[in-house]
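As structure tokens, one chain now follows by itself in the form predicted alone.
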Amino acid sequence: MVHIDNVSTCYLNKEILKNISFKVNERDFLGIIGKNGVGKSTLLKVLCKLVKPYSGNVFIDCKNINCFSKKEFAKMVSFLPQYLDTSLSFNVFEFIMFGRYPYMNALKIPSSKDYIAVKKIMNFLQITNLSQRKINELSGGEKQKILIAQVLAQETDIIVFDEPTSHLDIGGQNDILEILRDLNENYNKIIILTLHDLNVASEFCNKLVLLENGSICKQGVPEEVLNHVDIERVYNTKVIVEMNPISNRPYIIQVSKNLIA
């Protein structure tokens, strides 16, 4: 279980997050949503020990994350940021192997176990055919799968993503999210991610946290969070919220203000 307890952060004397508290339980698929600039990425960085809050704490299984060594923490939580340099000329297998760093010795020499782990992940993601390709020669969808493969190489129970589908078309987006759902439902991974697309968040996440001006506006299941009153206020737009007839999840339709009398 992950527990974010009354976390606040600031940057250049400006408060970014304000008294954020929520829990993430085993097998949760949690989406963090909200407008640009409300602190979504900062919240993920706090969770991943990349930003230190000026107040509040983060706990994993009731233990403060500051009590874990860097290597211990890397075996528990893995993180894929929104932007990661993929312009280098490593081949795919080498790039994925970097994710095994918590398990390597001081010389960072991969063991047979590391090679087996990477091959297993590549089989799972069906990317073995890309093994010797250069990472900087891949398509956007292929790169995103390789980035996820590197994260999975850490073999953590908690996986954190910052906008994992932001640069993909609808087909590539669905491919990545189906992989994440498989990891969540069939491999018991806790998935925590930020998303811009509210309908994607509704379909794939079992819990949502809606941020507004650095604070939590609403949290709960999609049916509780994705209501037209809160969405219209937070995003300053007009919407209609219907139920998807197939999934029975909320579906948001944006309405032009010019069409409203």
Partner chain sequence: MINRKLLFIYLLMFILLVMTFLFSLMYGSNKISFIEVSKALFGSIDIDENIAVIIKQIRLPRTIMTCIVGAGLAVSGCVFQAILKNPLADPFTLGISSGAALGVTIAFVLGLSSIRNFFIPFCAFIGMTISVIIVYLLSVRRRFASKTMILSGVVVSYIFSSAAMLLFALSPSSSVQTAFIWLLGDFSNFDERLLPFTFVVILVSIIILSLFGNVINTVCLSDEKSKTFGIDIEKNITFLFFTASIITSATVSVCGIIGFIGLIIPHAMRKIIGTNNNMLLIPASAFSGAFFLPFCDTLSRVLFSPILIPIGIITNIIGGFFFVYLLLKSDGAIQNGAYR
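Keep in mind the model is a prediction, meaning the values are calculated, not measured. Residue numbers count along the first chain shown, from 1.
The discussion below concerns the form predicted in complex with its partner chain, not included here.
With the partner omitted here, the residue from Q154, Q144, Q173, N184 that has a non-hydrogen atom within 4.5 angstroms of its partner chain in the model of the complex is Q154. Among heavy atoms of K70, some come within 4.5 Å of its partner chain in the model of the complex. Contact between V229 and its partner chain in the model of the complex is not found at the 4.5 Å heavy atom cutoff.
By the criterion of a heavy atom within 4.5 Å, L130 is excluded from the residues contacting its partner chain in the model of the complex. For the chain shown alone, H196 is not a contact residue for its partner chain in the model of the complex, no non-hydrogen atom being within 4.5 angstroms. Screening 42 to 50, 55 to 63, 28 to 36, 203 to 211 for residues having heavy atoms within 4.5 Å of its partner chain in the model of the complex returns a single hit, 42 to 50. Of the residues in 89 to 124, those that come within 4.5 Å of its partner chain in the model of the complex through at least one heavy atom are, in sequence order, S89, F90, N91, E94, F95, F98, G99, Y101, P102, A106, L107, K108, I109, P110.
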